[in-house]
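As structure tokens, one chain now follows by itself in the form predicted on its own.
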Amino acid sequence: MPQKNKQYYSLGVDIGSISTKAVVIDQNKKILARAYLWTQGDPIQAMKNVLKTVREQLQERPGRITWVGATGSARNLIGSILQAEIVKNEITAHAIGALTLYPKIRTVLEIGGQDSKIIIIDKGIVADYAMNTLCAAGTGSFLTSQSKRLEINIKDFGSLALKSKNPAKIAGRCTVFAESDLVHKAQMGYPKHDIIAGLCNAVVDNYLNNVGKGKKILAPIIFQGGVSKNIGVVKAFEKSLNSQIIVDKNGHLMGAFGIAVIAQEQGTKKLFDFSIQDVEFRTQGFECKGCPNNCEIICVLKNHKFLDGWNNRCEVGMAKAKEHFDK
């Protein structure tokens, strides 16, 4: 059991389809190490990459990681590999992350690479939430694809949008309409900064009419996720909502920060070993065929041996999967 006089840290990993984030916090919830990298279709390797990054940042630190949490779309997979005690959905992680730093927050706006969400908070408790379903026109990947079309670095998107006095009207109902409108405006000779400002407005309109539809958006409002770094979108939100928008410098890491906080508060101390980076992990499906359900169990293999699995409807399938891979 770890000794009380030593420093102990909490690791939070937020792994999504576009980006993978990790933070390490101390017992005062101060961020000591952070990583933000592209997932690139390989969540296991992305997890190893962020672990390598935070490990390097912690080399001069005397403490040890004793709490681990995972969130994001691949949280079950990465949670199993990390042997994380705490595995929670993104809504919970983002809400706790925001409330830890801004206890009076009432609305969380979040736009990531592939999805977006809104969280309504009442007296420190999540009262309502929603996530985008079909449309991708209000996400970071949409803005990135349009920046490439316009041959503009996505990092310059926001600052260029602020130069516009007459934003172009871009349809924000869906990606196809927005791209068609963008091409049309460009062919008509609209300045790029007006088109970019129009795109920022379209993202906000799409978000409020889709994710935020029917929600009572009250201040204080915080904007999180990778798109929160785009000042053009921030200003478009402020104009539409007629309210100041809080953007934390670590807003793009808030899911990882939130799950690190939850792990610290709800988990038990268990030393984490970074040597996990050198272990081979992979996933493989296994069909039970033991009954008409014919469950396809998602199995996580560690050095070719069964580590964990899910998607089974009964214990028989899991036992058969373990026996199959461990024989």
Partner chain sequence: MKRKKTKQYRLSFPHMGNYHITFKTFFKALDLEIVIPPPISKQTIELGSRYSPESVCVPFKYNLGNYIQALDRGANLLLQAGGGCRYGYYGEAQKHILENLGYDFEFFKLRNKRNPINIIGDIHKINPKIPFYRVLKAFLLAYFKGRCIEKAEDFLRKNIGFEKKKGQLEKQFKFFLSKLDQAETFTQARQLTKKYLRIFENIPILKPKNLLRVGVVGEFYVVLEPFSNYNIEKFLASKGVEVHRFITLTGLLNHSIFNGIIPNHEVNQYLRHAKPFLKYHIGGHGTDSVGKANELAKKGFDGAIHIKPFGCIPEVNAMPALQNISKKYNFPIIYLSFDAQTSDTGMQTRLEAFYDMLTMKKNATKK
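Predicted model only: the values in this text are computed from it and were never measured. Each form is matched to the other, and the largest set of C-alpha atoms that superpose within 1.5 Å is called the rigid core. Positions refer to the first chain, counted from 1.
Not pictured, yet referred to below: the form predicted in complex with its partner chain.
*Asks:* Since only the chain is shown here, I'm wondering whether E90 would be in contact with its partner chain in the model of the complex (any heavy atom pair within 4.5 Å).
*Replies:* Residue-level check for E90: yes, a contact with its partner chain.
*Asks:* Heavy atoms within 4.5 Å of its partner chain in the model of the complex: does F142 have any?
*Replies:* Flag for F142 set to no.
*Asks:* Using a 4.5 angstroms cut-off on non-hydrogen atoms, would K213 count as touching its partner chain in the model of the complex?
*Replies:* Close contact exists here: in the model of the complex, K213 approaches its partner chain to within 4.5 Å, heavy atoms only.
*Asks:* Counting only non-hydrogen atoms and a 4.5 angstroms cut-off, does R75 reach its partner chain in the model of the complex?
*Replies:* R75: contacts its partner chain in the model of the complex.
*Asks:* Only one of T107, N132, S228, Q146 gets a heavy atom within 4.5 Å of its partner chain in the model of the complex. Which one?
*Replies:* Of the listed residues, the single hit is N132.
*Asks:* Using a 4.5 Å cut on heavy atoms, which of I246, I96, L253, L160 is close to its partner chain in the model of the complex?
*Replies:* It is I96.
*Asks:* Of the listed stretches (36-44, 60-68, 269-277, 287-295), which one has a non-hydrogen atom within 4.5 Å of its partner chain in the model of the complex?
*Replies:* Among the candidates, contact is made by 287-295.
*Asks:* In the model of the complex, which residues of 94-129 put a heavy atom within 4.5 Å of its partner chain?
*Replies:* In sequence order, I96, D122, I125, V126, A127, D128, Y129 come within 4.5 Å of the partner.
*Asks:* After superposing the rigid core, is the C-alpha displacement of I18 2 Å or more between the shown form and the other one?
*Replies:* Shift at I18: below 2 Å after core fit.
*Asks:* Is I262 one of the residues whose Cα moves 2 Å or more between the shown form and the other one, with the core superposed?
*Replies:* No, the C-alpha position differs by under 2 Å between the shown form and the other one.
*Asks:* Tell me, please, whether between the shown form and the other one the C-alpha of K305 is shifted by 2 Å or more, with the rigid core used for superposition.
*Replies:* No; that C-alpha moves by less than 2 Å between the shown form and the other one.
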